[in-house]
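The chain that follows stands alone, in the form predicted alone, written as structure tokens.
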């Protein structure tokens, strides 16, 4: 790399950042953006214009990793044409594959794991000075702070990470390997970040964690998610507060009561069941039965009568029989989730399932079961949306829809998408919308007033 020519550029170096995966990855990308901006980098939406190309990756499914590998293969010619370009693989895939990525893709300059984001700017500077490639897979037990609260995808909504990592050992899951053991932010730090966000115009906050309702157990009883919710509920100007993703066995009575009592906490929770079959849940090492999950839902709905539930479902897990799959279909019809995120099982290297269980459900069967579950969920959502016709819903306006600028798009507290005619100046407001039409995925309506 010609260091002199790199230093001599008149404009600041430009960064292209592409993010894959979950909300936590997108929040990590905001932290990465902040660190790079502190180093006087600029960002571009065009890869060909970039001096630094970063991929913030996901390892939950092989499909996400294969997309990154495809991007890296494409960049071989780009690197030959512009050898001074820094190419970085960040996040979960970097943590999982480590040096293998550098061996397989010789044109990659930086492999940076999930606990090294706070040093990303320093690493890129070192590479631009000729000190690459760099493998950074630290095991820091500290939560990386978000110092730039103004960097977020939407002006009026924000994600706040309160917990990272996972101490559980679900047999299908690679997260403990890619994210490491659980670490937590203090309640003081979380409250400070939320207050700064609200002061910057945020009205809707989502608290994130791999197992968000495990929050506090690393602090020896000095904190809990329920106590944190009650504390944040006192922040003036915070209109909506939610948390994802919860683990069923950690959904305690005091947490349910906080959901019921706190005015800003929405009646919505993401509570992955993964399967409706006891035997399948046992192979997954989930630690609960299908009936225990049902009893939990019954208790939650009794405590928070208007609660809406979202879930995750895995189809085609190791050894899944027709009967086990039907048990999952039956559970979905019984509980009627407001949303279901459905995944075909993807064997992940390094997991317990990879070591001891054959991935023996044929791809064609996985695809068929995936389509069946999707149709079941679509039927449920269509029926429940029809029941909402004529009702008035409070909708946080996100802005003009992608297809028609005269139509606004927003979400209810249960994350239902709502479209209605209106002016762009309502962005960030909570509007009351009478529902007049629906599809399985969206609601449509007309504005009645601004809350």
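Positions refer to the first chain, counted from 1. Note that the structure is a prediction, hence the values are computed from the model and not measured.
This next part talks about the form predicted in complex with S-adenosyl-L-homocysteine (SAH), which is not shown.
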Worksheet item: Among 342-350, 154-162, 124-132, 296-304, which stretch has residues with heavy atoms no more than 4.5 Å from S-adenosyl-L-homocysteine (SAH) in the model of the complex?
Response: 342-350
Discussion item. Test of understanding: in the model of the complex, would residue 325 fall inside 4.5 Å of S-adenosyl-L-homocysteine (SAH) by heavy atoms?
Written reply: no
Discussion item. Residue-level question: is residue 209 within 4.5 Å of S-adenosyl-L-homocysteine (SAH) in the model of the complex, judged on heavy atoms?
Written reply: yes
Discussion item. Please tell me whether any heavy atom belonging to residue 61 falls inside 4.5 Å of a heavy atom of S-adenosyl-L-homocysteine (SAH), as the geometry stands in the model of the complex.
Written reply: yes
Worksheet item: Just to confirm, residue 272 within 4.5 Å of S-adenosyl-L-homocysteine (SAH) in the model of the complex by heavy atoms?
Response: yes
Discussion item. Is it the case in the model of the complex that 173, 245 and 312 each bring at least one heavy atom within 4.5 Å of S-adenosyl-L-homocysteine (SAH)?
Written reply: yes
